[in-house]
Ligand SMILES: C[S@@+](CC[C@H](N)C(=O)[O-])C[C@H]1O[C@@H](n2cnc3c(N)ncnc32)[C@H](O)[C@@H]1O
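First, one chain by itself in structure tokens, the form predicted alone.
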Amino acid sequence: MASRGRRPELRGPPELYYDKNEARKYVRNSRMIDVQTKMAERALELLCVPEDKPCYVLDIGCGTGLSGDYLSEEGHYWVGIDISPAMLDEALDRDTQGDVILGDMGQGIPFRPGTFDACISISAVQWLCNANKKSDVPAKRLYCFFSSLYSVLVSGGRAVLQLYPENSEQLELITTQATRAGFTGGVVVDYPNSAKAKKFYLCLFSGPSTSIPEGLSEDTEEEKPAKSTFTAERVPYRIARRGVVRKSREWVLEKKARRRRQGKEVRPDTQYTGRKRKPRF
């Protein structure tokens, strides 16, 4: 893991930085698993895809497949692309439900036009802003990435890319190239006043621009500090996700809260919410 104050992108190309040792942290460190899962959950929330219809989703910088696990749990199908062989090896060892391929997003997305309904990316796009060799031109690589992404999405498709821009100039470079490629949209910032919890989500639309969702703040959701633990064994995905059992009362309440944040009509919570009904004769 990078030392404090030293960004991973400044330590070398991603295919070398994410070696076997770094990849293992993404399947054994419970805090990293929880953070990745929460960001994937937020990205899917910002996509505003129909909850009753499975979608075909592209996961850019899929790594060990943590974000893909959440997509699978929500009933979607996905394909992941990543530049690190070590990260993809861990994904295959974990028997992720999606397909994964080795590739450099800066050289374009290798799929046919209109293949995917939507796209998510967690902590990957900022890597394109650094030149690791003389032939690398960040602006050209970003444009190649965004133009190919625009192509592989269906008409009206959306992409939500979580990223860590180094500064405002880097964020402007990214958004400029996305606009050049034909995307509309904007940036959603969660917890803008928090040094640790602040997150940037680039929300892109391949069709007419719609309203940009509002970012989360300390007033809408209370932050809880999480301790980092490291074990010698892989942490099962369902245990890592705060022990929330699918269809349980807590799971139902979280889902209803997410729909309220999306501006959808949701029935009020009662003592019967999430209650299991007895089978009828």
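A quick note: this is a predicted structure, and the numbers were derived from the prediction, not measured. All residue numbers refer to positions in the sequence shown, first residue = 1.
Keep in mind that the form predicted in complex with the ligand is missing from the display, and what follows is about it.
A.B. asks: Can you pick the stretch from 61 to 69, 210 to 218, 247 to 255, 41 to 49 whose heavy atoms fall within 4.5 Å of the ligand in the model of the complex?
C.D. replies: Selected stretch: 61 to 69.
A.B. asks: Which residue among Ser123, Ser206, Ser148, Gln177 has a heavy atom within 4.5 angstroms of the ligand in the model of the complex?
C.D. replies: Only one option qualifies, and that one is Ser123.
A.B. asks: Indicate whether Phe183 is a 4.5 Å heavy atom neighbour of the ligand in the model of the complex.
C.D. replies: Phe183 lies outside the contact set for the ligand.
A.B. asks: Do Trp127 and the ligand come within 4.5 Å of each other in the model of the complex, heavy atoms counted?
C.D. replies: Trp127 belongs to the contact set for the ligand.
A.B. asks: So in the model of the complex, does any heavy atom of Ala159 sit within 4.5 Å of the ligand?
C.D. replies: No, Ala159 stays farther than 4.5 Å from the ligand in the model of the complex.
A.B. asks: Taking 4.5 angstroms as the cut-off for heavy atoms, does Met105 touch the ligand in the model of the complex?
C.D. replies: Yes, Met105 is a contact residue.
A.B. asks: Could you pull out the residues of 129 to 159 that have any heavy atom within 4.5 Å of the ligand in the model of the complex?
C.D. replies: Read in sequence order, the lone residue that approaches the ligand (within 4.5 Å, in the model of the complex) is Arg141.
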